[in-house]
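A single chain, nothing else alongside it, follows as structure tokens in the form predicted on its own.
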């Protein structure tokens, strides 16, 4: 009997408890490169078991590495006396009990498909392409493969396989340390277009080879790269969850089915999108299907999991906000840039923090390529800028949307290198507030 089957049996051994298990087999091949040379490559395998025990409304959580039945039973017996001493959570009702399954399809292991030699070839081609401009490349190329089993006392016995790819390539000028960034992510390596990746990076490198200038604080018309608008929506995601509604920190409180943004804004949470990193279930084990979040500017749904769904008496939808997709518009990149007489192209953001989460006010920095637009042309490199804005105002200020959306991956870069993605176009925003220059690239 394998451990998965034993976990089901252990649930039956403790009828007085509610047990929730996340049993994970995880592999990674993590390559880091520096100054256009491979710095190191790490291959690692991990088997872990995260367990939460509920006794009535009291609970205790723990994790085991390389778990066995014997280790788990011993740990359960150790923590049972501790649970008695813990306070109750009066809002807890029950574990996830929707047994609906996805297709739970098999997936190719991208560690095997994108092997080390393939990565080296790609990196060499990218390095060769930026070298004539006196740039070198830095970054990471990660492939993971994970099988996760979600099992609980209510009869859940679900499996999810994921094999995300995360390729982040930063080109750095050897003359003035100006940086630009290009990324690729997904689960289907056949979607990776090396020529397009290099073409996009080289265009940024060419723009980054110009004169470096400062700009004054003030309001600017800007073009935000897909990475930027994607990151703003991911920060806004904290307002989309039922937990933020419960804590009175949601911008969307009382706004379901109300017009909150312009009609050109449509956002879905689509964990099965063919260009994104895919998911079958949310963290509770509830099936995770495509969910409308904002539809033609109208807020449609909160992200509702088991705990807050029961507490707030909301319908659980399993949406997790880890696959946000923005519907493209009809403008080419050149048309977006060409429509601005005096403004900025912002290609990446850094170190953002909320000032007021409910009001969506945030501060942060531009990074890895900020450029001056003059008379509809990108003309100069701009030192990194600090901005202080409300995300809601940024979205309300979107006047035009690019016609092509691209996949942007993000990674936690710790633990099991959690990787997720968004699918976003370029957008033009009116009146973006710059608060100061950092005077540095």
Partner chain sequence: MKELIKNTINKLDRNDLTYADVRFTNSDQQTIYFEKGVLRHFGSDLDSMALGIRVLADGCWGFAGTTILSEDSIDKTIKRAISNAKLGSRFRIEPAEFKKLPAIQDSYVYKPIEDPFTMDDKFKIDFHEQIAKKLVGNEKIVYSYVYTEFYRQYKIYANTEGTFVDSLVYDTMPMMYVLAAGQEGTMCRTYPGHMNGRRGGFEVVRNVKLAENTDKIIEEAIQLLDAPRIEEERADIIIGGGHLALQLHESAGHATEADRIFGKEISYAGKTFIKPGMLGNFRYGSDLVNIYSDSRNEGGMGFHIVDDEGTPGATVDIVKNGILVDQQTSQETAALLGVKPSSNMLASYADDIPLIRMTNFCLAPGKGSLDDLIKSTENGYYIDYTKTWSIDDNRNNFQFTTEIGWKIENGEIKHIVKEPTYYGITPEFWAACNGVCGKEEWEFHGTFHCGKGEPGQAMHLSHGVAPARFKNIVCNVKA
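Numbering follows the first chain given and starts at 1. Please read all numbers here as calculations on a predicted model, not as lab measurements.
Heads up, the form predicted in complex with its partner chain isn't pictured, but that's what we're talking about next.
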Which residue, 379, 61, 403, 68, is the contact with its partner chain in the model of the complex, using a 4.5 Å heavy atom cutoff? 61
Quick one: of 98, 335, 246, 295, which gets a non-hydrogen atom within 4.5 angstroms of its partner chain in the model of the complex? 246
Stretch in contact in the model of the complex with its partner chain, which is absent here, among 147-155, 200-208, 269-277, 360-368 (heavy atoms within 4.5 Å): 360-368
Each of 107, 114 and 192 having a non-hydrogen atom within 4.5 Å of its partner chain in the model of the complex: is that the case here? no
Is there a heavy atom of residue 121 lying 4.5 Å or less from a heavy atom of its partner chain in the model of the complex? yes
Does the 4.5 Å heavy atom contact test between residue 291 and its partner chain in the model of the complex come out positive? no
I'd like to know whether residue 75 contacts its partner chain in the model of the complex, with contact meaning heavy atoms within 4.5 angstroms. yes
Even though its partner chain is not shown here, does residue 299 get within 4.5 Å of it in the model of the complex, heavy atoms only? no
In the model of the complex, which residues of 80-115 put a heavy atom within 4.5 Å of its partner chain? 82, 85, 86, 87, 88, 89, 90, 115
